[in-house]
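One chain follows as C-alpha cells, the form predicted on its own.
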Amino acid sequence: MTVSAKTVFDDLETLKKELIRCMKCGNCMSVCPIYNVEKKESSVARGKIALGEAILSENIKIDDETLVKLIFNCLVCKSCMLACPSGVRFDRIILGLRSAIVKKKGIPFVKKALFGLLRNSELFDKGMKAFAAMQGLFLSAEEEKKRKPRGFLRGISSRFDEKFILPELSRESFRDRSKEKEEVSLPQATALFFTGCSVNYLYPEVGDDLIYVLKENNVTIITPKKQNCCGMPVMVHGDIETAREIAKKNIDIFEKTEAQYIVTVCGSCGSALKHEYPIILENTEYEERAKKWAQKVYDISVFLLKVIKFKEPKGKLNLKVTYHDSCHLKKSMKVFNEPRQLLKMIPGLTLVEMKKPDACCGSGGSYHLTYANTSLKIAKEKAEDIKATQANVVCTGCPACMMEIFESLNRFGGNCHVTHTVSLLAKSYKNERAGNV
C-alpha cells in the first residue's frame, strides 16, 4: 500500500496541530471513567496530551516502559472529546501515539499472531471454530451457557478469577447458519449486514433477530460470508497497517454487492466503518471509497427510524427495561435517542433510565484484562447503577458491552437479563404474530 502523504499514524510531527489545541482546561477530567477511578493526571486526556508533547520535544522516549503503560491506559471511549471546548481530536492523538509505539517496539507475539489471523477472514474463522469445539479444555461449563476460565489461565490476567464468566462460544457461527442473501417481496431497501465478530461467534441470536426485524420491514439483507473483523481491536492496539489492510478488504467486499446501505448492531463496528476507516485511509487510494461507504453506514435503530418506512411493533412485552449507552454508539456514532424511541414503541414495555446511562461499562475491548483493577471499579459502578433501576432487563447496542455487563452483574449481584435492543424488537414482532397484543 502506498501512502502519498503523512498522517498522524505515520509521523508524530503531524500530531502537533492537535496537541496545541488543548487549552489544559481540565474539562476531560469530569467525564473520563479512568480518571474517576484513579484520580491521576496521567489517566486523563490532558495528561496524555502532555506526554505527547514531551515525546515530540524529546524529553521522553517513545519506548519508555512507563510511558507505554500510560498511553495504553485509555478506553478510547471518546468521552473527553464530547466535553472538550476546543474540539481536540483525542482519538487521533492516542491512536497516533500507540501507532508510534508499535513502530518502535513492535507487537507482542500473542497480539501479532492474533492480528495475523484477523487479516485472513477464512483462517480466523477456522481458528474460532476450532476453539469453539475445544473450549472445554480452557473454559469450564457453568449454567445457562456460561463459561469460566480454568485455573491454568489465571496468570493471563487478574480479571480471570473465580468470579469471572463469559458467554459460551457458539459451535455454529451466525454467518454459517444464515443465508448470504435474504430476499423479501416488494423490498423497500437492500442492506448489507456487517455482523462483527461478537455477533458472529458469541451472540448469533442477535444476528437472527436482526434478520427477523429487517424482513418484517421488507428489507432485503446481504450478509457477506467472507467479511472481515471491523479492525477496531487492531486499531486501538496501534497496529494501523493491519487495520488498514482489514479496512481495504472490507471495502472491496462491500463493492461486490448491490447494497444501498450497511447496517450494524455493534457501536464499535459501526464507528470503525463510519468514522475510523476514512481516518486511517487518509491519503491512500482508498480514501474516497472509504468516505463513500461511511455515508451508507447506519446503526439498526437509526436505519429503522430514519432511513426506511418503519413498521411499529404491536406485540406486548411486560418488561421493565433500562438502556445502556455504549461509548462508541453514543459518543462516536451519536446514536442515543433512536434506541429509546424503539423501546418506547413496544407495548407493555416500561423504560426506566439509569442515573448515568452513558457511563462506560469498563470493557474497552481487552482493556478489562490488561487494566483489570481499574476496569473492575468502573464495571462495579455500572452494575450498581443498573441494579438501582430494578429493571428486569438491561439492553444495549453493543455486544462487547453485553459481555461486560453480563460479567459484572454476575460478579456484583443482580438478576437483570442482558440483551440487545434489536432482540426486544424482534420478540415484540414475534408476539404480535402469536396474537399476544
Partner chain sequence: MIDREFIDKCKNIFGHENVLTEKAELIAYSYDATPGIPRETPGVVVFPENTKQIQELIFLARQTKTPIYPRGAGTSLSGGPVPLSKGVVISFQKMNKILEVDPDNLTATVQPGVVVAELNTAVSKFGLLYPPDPGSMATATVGGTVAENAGGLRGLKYGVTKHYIMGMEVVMPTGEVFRFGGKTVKNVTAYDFTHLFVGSEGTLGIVTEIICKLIPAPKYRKAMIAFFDRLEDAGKTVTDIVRNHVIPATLEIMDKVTIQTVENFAKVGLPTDAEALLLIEVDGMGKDSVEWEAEKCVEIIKQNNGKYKIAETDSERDSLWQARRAALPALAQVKPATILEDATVPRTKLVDMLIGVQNIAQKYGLMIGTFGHAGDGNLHPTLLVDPMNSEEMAKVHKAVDEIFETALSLGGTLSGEHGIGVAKLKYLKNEIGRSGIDTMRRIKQALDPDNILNPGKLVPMED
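Positions refer to the first chain, counted from 1. Worth saying up front: this structure is predicted, and the values here are computed from it rather than measured.
There is also a form predicted together with its partner chain; it is not shown, and the following applies to it.
At a distance of at most 4.5 angstroms from its partner chain in the model of the complex, all three residues K24, G47 and N59 contribute at least one non-hydrogen atom.
Judged by heavy atoms within 4.5 Å of its partner chain in the model of the complex, the contact stretch among the candidates 329 to 337, 345 to 353, 85 to 93, 311 to 319 is 85 to 93. None of V393, L376, M29, L409 but one reaches within 4.5 angstroms of its partner chain in the model of the complex through a heavy atom, and that residue is M29.
Put simply, L51 is close to its partner chain in the model of the complex: some heavy atom of it is within 4.5 Å. A residue is said to contact a partner when one of its heavy atoms sits within 4.5 Å of a partner heavy atom; E38 meets this definition for its partner chain in the model of the complex. Not displayed here, its partner chain is kept clear of D63 by more than 4.5 Å at the level of heavy atoms in the model of the complex. The closest heavy atom approach of L67 to its partner chain in the model of the complex falls within 4.5 Å.
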